[in-house]
Structure formats: C-alpha cells, structure tokens
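First comes one chain, alone, set out as structure tokens in the form predicted on its own.
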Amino acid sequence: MGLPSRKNCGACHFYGGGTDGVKHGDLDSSLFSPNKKLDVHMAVNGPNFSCTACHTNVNHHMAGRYSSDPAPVIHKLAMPKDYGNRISCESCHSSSPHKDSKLNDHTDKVACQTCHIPRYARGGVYTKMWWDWSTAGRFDENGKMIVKRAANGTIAYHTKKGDMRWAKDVKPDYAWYNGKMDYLSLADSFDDSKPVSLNRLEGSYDDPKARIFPFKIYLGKQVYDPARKTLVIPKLFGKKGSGAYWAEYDWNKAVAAGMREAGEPYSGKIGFVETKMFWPITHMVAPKEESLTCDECHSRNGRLAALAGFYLPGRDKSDWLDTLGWIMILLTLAGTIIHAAIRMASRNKQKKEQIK
C-alpha cells in the first residue's frame, strides 16, 4: 500500500474506451515517461510530478472534474496540498504568471491551457476522433471477423465496433467554459435531425467564471430509440442466447436486453444517430517557448474564428471602430506634422534673431 503512482492512474485513465488514447486526447501511455517537450510538469527530466501532485484528495475524494460536480474555478494562488479541491493552473502559478502585463490581461477570459497546450495527442499515440457503431457486425465470406487498418496502423474497421478514425498532434477546438457540464441521460429526449451533444458546456463571454478553454470533440454514431428519441444501453458482453451484441450481432436483441437489465423503457425500435462529446484538454502542457503566439488567435482565420459572441481584435471587423481608428491615426499624423512645422518655424526664427 502507498501513494498511487502515474502507472497506477494511467492503467485506467490512459486506456479508457478500450485501448490506448481513445477518449481524452491528452491522456495516453506516452505520459508514463514523458520529456519536457510533451509535458513540462510530468517530464522525467524535469519536475517528474505524479498525478497526485495536482489531483490531491480529501477522504479519497480526488480533486478534478466530476460528472456530478463542476470543476473547480477558483483562479487564485493556493497550492493543491493546502486545499483538497484546488486544481486550477492558478493554484500554483497565480493569475499573473507572466512578466508581460499584457499577457496577464488575458487570464480573466482565457484559460491557461488554451495557450499552453497548442495541440493534443502529441506523444506519438493516436486518439480516436470518430466511432461509427452503425457499421459494426460485418463478416467476411468465410464468416470471420473483419479487421482493417489505416495506413498509419490504427484500426479503421472492426466487426465488433464498426468504423473508426484516429489522429495525433491535433489542434483543439475552443469554447466558453465555466467548469460546469450537463450530461444527456436516458430520460432526456432530443432532436435526432442533427448531431446530438452528449454533454453540454456552460459558460459565455458574459459569464465572469467562464474562460476560453480547449477541447477534443469526440464524434460518432451510436444506437438509439427513434420512437422515444432517447439514448439506449445495448448489452455488449455475454453468451449466446443472452442477447449480447458481441455474441449474436443483433442490435434489437442487444438493446432489448440492455434496457431490460437497466430497468428502462424501450420502444422496440432502433436507429443510429450522430453524436458529439466535449473532452477538456488540460494535460500535455508544452514548454513556454511553444505556447501560442498572438496571431494564432488574433487573426481573421485563426484558432478562435468560430467562437462567436464577443469582439476579438485582429479577427473581427467593425466599420465604426475602423473609422475611429483611422481618424485617430490621421489626427496623430496631422498633430505630428503641425508640431514639426512649429518647431522648424521656431528654429528659423531663432536663427534670424541670432544673425541680427
């Protein structure tokens, strides 16, 4: 018995979803022994932090983000060990960590991770970006399972799981986030004419607790009840005759068995709906030399091009503001010219008086 090591935590959290790097994008086996380029905090040639250096606990309640509780949003200096749920970057680095005051001006609206984690899945391990369950269940002409691999070596299709797409060194998506998420439950109905969000982020520009935060958006297609327009729980594991999908490859039987065991209503009909899920990116912190430059966000087609609801200099155009800016420039130029003319006239006058 003893304090958990990175190996203990990573055995589950690096392999969640079935194999290495599936879910998170910023957690995979490359973090067992990372260098500074991959993660400045966990680097074996640097601080070599264990997971518990930040994810402290009180009565085994681990600091971090929970499905039932909001993530901590106390953006003030206080070391994690001093307060069991203090896990924001500012806990160690404060809200004014930069020598440049202009950079510190960003911390009230921009999460530290946004600039300091320019890409995720950077350790050489691919993360799953798309998972289509609707294509599962295909066998070859001999009745054997089909397993296809993409050119990069990742599994592109598996009889048990359907089509998949993977990527590495991925640029995050960005959204306003105040630490709270709402999750779609079995009781929640939805509009199945468009992709369904399995979790919904809370926060906006006007929310004082919200900041621009990086995310992996995990896309897929999964079975649902089209009559009730709700999610379902398919039974995957089990013997033949149990209705388990990986035993009989019949979605109707699998969903009926799963919902029956869960004690939930089921219409008897199935369909497949596109889904998306937001996964916060907060690990794989790059060295400060590799953090984002100003123009990667403050430009017309920059990283924040799709983030609406606020004015971003360098990205957005405002006719009245542009006009005011040009007026100020012209007034400044005119003032400089007039000032120079007065100085020259004064100097000429002095010279004439000296000659006399």
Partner chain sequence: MKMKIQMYARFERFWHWLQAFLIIVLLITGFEIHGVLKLLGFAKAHQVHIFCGWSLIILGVFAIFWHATTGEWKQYVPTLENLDKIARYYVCDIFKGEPHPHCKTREQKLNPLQRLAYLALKIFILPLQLLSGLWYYYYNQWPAMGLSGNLETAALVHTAAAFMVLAFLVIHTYLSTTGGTLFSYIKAMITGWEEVED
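Just so you know, these numbers come straight off a predicted model, no measurement behind them. Positions refer to the first chain, counted from 1.
Just so it is clear, the following notes concern the form predicted in complex with its partner chain, a form of the same protein that is not shown.
- For C12, no non-hydrogen atom is located within 4.5 Å of its partner chain in the model of the complex, even though that partner is not displayed.
- Looking at D191, you'd find every heavy atom of it more than 4.5 angstroms from its partner chain in the model of the complex.
- In the model of the complex, its partner chain sits within 4.5 Å of a heavy atom of M328.
- Among residues of the shown chain, L307 is not one whose heavy atoms approach its partner chain to within 4.5 Å in the model of the complex.
- For the candidate spot formed by C294, T332 and Q350, every residue has a non-hydrogen atom within 4.5 angstroms of its partner chain in the model of the complex.
- With the partner left out here, its partner chain still marks one of 88-96, 104-112, 180-188, 244-252 in the model of the complex; by a 4.5 Å heavy atom cut-off that stretch is 104-112.
- Residues of 320-345 that come within 4.5 Å of its partner chain in the model of the complex, judged by any heavy atom, are L321, D322, G325, W326, M328, I329, T332, L333, T336, H339, A340, I342, R343 in sequence order.
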